[in-house]
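First, one chain by itself in structure tokens, the form predicted alone.
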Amino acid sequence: MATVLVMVLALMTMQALMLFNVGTTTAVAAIQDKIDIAVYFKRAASEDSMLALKKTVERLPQVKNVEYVSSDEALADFKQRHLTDLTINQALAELNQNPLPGSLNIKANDPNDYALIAAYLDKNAPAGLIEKVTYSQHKNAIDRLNKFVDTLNRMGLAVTLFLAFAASLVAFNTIRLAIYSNRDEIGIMRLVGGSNMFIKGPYLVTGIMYGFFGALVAIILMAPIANIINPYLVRLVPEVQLETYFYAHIFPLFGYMMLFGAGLGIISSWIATRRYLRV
């Protein structure tokens, strides 16, 4: 019983770590998708020169996507976002021209590439074309998030390894006691010519069963936990659907848990039989 309990704890920790990795990867990807470089052009810049710069930037290997927003599109979007603000609408109505410039929204393949893209624009953009280049304010947040995720991943891995070691140790001692209590039967089997694998077989099967039942209990216990946690995660990051991912991948997760648990059981059983039976 103690062996199965520790095995369940080890497998649940491993399972939680896998789900955590999925959630954090999704969250980081969602935040990264909101990061961009905004390139604002001067009012006097022609549309041809802006589109020419767009094509040049698109050819950079660090660039994932470039969106051109014309002056008219920027004004229409601004009005749409401030439909209920009478003061802003009146101010726009009194202007004789569109006050908003054209712009490029540039997304990189990796957040670390934005510095390279900004440096390229600073050195290679035609003089008198760009008013300013800005980074999204999310960049510092994504850097902190990446460090936080890396730290939690290392902690989760350490806990998983510790519990896996504890499960192996308990299984090892349990099987060693079983071997000791059956030492007379084992001696008889050896006298009648029982092979090493014949003697070890039942204990290896016992280790596999510990892993199987541990995986089964771990997956059953994780289901309500995923249901409880999911609403809170969705509030923080709508893209993270932990409950949906869990049920969509429940059989692969169970397979991984069973393989991991069976592996722990086999290793601990093999060591116990090899060390204490001397067969």
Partner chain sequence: MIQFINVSKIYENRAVGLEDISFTIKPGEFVSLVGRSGAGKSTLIKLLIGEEKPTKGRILFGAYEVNKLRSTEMSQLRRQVGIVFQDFRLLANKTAFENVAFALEVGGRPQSEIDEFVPQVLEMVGLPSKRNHFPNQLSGGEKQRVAIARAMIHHPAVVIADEPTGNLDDINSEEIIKLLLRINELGTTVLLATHNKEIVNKLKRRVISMVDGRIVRDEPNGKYIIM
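Residue numbers count along the first chain shown, from 1. Because the structure is predicted, anything quoted here is derived from the model rather than measured.
Although not depicted, the form predicted together with its partner chain is the subject of the following passage.
Its partner chain is not drawn, but in the predicted bound form it has a heavy atom within 4.5 Å of Met189. In the predicted bound form, none of the heavy atoms of Pro126 sits within 4.5 Å of a heavy atom of its partner chain.
Its partner chain in the predicted bound form comes within 4.5 Å of a heavy atom belonging to Asn196. Mapping the unseen interface onto this chain, Asp122 falls outside it, with no heavy atom inside 4.5 Å of its partner chain in the predicted bound form. Of the candidate stretches 113-121, 196-204, 98-106, 74-82, only 196-204 has residues whose heavy atoms lie within 4.5 Å of its partner chain in the predicted bound form.
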